[in-house]
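Shown below, as structure tokens, is a lone chain in the form predicted alone; questions about how it binds or moves come after it.
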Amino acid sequence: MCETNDEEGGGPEGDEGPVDEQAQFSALLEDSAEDLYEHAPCGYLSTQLDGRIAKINTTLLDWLGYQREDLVGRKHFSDLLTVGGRLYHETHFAPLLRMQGEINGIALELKAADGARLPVLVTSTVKTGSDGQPLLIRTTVFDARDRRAYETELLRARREADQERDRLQVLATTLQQTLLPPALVDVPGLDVAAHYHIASVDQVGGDFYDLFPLAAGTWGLFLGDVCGKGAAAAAITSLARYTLRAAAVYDPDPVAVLGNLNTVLNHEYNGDDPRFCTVVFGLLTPDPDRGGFHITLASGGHPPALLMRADGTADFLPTPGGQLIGVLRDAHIATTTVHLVPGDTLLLHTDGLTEAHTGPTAGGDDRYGDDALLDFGRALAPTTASSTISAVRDLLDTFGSGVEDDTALLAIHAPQPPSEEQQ
């Protein structure tokens, strides 16, 4: 039985098997470590403290197209850099490495044997001896060609996006200008000023205004705000402007003018995508007996106009019951009349002003509001059309990004007659 065991390999010969496997495994590990260094997916090199190359792996040699004997003991690490990289190495890289003992992820370009440039990311550490004194510098080099290509493509895409954004901004600005009168008409005995505050240069707003002559001694004015932004709002704005002007020529009564606009919008946009607007239309006629102007205003759901009087008081002109234009087939139109005496100023505005945020955080509940605007008008009165527009523009500027919607402003002022001394 013992002999059978010996024959089956149970003696000293059988004990040598694990020893041989251990030796082979150890040899394999040593070979794998060297192979990993030489053929790693990144470049390795070791340099003396003065930068002379002491060791370099096959991967980096293949990237650069050099033979080992071309570099080891003959070249410095900085010799592999481009002119700009060499300057950066001397002024930043090397000094930081000496101070910190390591430096990570620095973007450089290496110069290959054929003159080509290789974008890389470099990490270097200083190896020290047991006494803490520096012995050599170990550097790891990562191929950044794919990353550079990605960054180049990203920059190209960004430039194209910027160009497209600029093109759209020019288009939006041009389109916005076509929706506003190039200049307000000159009304004898009346000073007029207007302003359009754009909340976003990327989108066309839906606010509009105009002042135009009708019959002899009569002028029409309007100011409105279409729901929404963009091309759809611009289409409604254009339709509203031309409808209002045409309707006023046919029948200048303010109620009839807004009634016509309501019929057109309700007829054209009564499907799945209804469109509507708020608008105020006014009819101006001079008052030769008392001076100033007689004004009849009709409002379709629009914020009330602000009257700043010559005596320093100010109040809103209420138009109760005025309904949005374009929603209902037969909208109720509210009217009010006022005599603009010399020294009075009337301000019409869209709700971008009163809906603006005054706090530091957009989207909060800190709206400017009607009460604040009324206090603003009372502090401003008496005033002129140009002074009113200038003051409101400054006010809007203080809100900054808090103005989320475009704001249209139209101010009309009956000037005081010149004094005897001025004559």
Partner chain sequence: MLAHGFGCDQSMWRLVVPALERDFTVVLFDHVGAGNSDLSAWSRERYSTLNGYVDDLLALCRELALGPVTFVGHSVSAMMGVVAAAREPEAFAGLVLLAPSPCFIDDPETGYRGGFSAEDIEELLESLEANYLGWSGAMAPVIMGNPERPELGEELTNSFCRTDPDIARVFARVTFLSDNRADLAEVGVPTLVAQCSTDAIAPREVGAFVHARIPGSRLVTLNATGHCPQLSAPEETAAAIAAFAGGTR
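We call the rigid core the largest set of C-alpha positions that still match within 1.5 Å between the two forms. Residue numbers count along the first chain shown, from 1. No experiment lies behind these values; they were computed from the predicted model shown.
A second form of this protein, the form predicted together with its partner chain, is not displayed here; the remarks below concern that form.
Here is the short version: of 161, 215, 183, 99, the single residue with a heavy atom within 4.5 Å of its partner chain in the predicted complex is 99.
Checking 397, 50, 371, 34 for any heavy atom within 4.5 Å of its partner chain in the predicted complex turns up a single hit: 50. Of the candidate stretches 84-92, 279-287, 331-339, 229-237, only 84-92 has residues whose heavy atoms lie within 4.5 Å of its partner chain in the predicted complex. Using a 4.5 Å heavy atom cutoff, none of 311, 381 and 386 lies near its partner chain in the predicted complex. In the predicted complex, its partner chain lies within 4.5 Å of some heavy atom of residue 151. Interface residue remark: residue 155 is counted as part of the site for its partner chain in the predicted complex, having a heavy atom within 4.5 Å. Among heavy atoms of residue 246, none comes within 4.5 Å of its partner chain in the predicted complex. Its partner chain is not drawn, but in the predicted complex it has no heavy atom within 4.5 Å of residue 195.
Fitting the two forms on the rigid core leaves the C-alpha of residue 332 displaced by under 2 angstroms between the shown form and the other one. Taking the rigid core as fixed, one finds a CA shift for residue 50 of 2 Å or more between the shown form and the other one. Shown in the overlay between the shown form and the other one, fitted on the rigid core, is a CA shift at residue 227 smaller than 2 Å.
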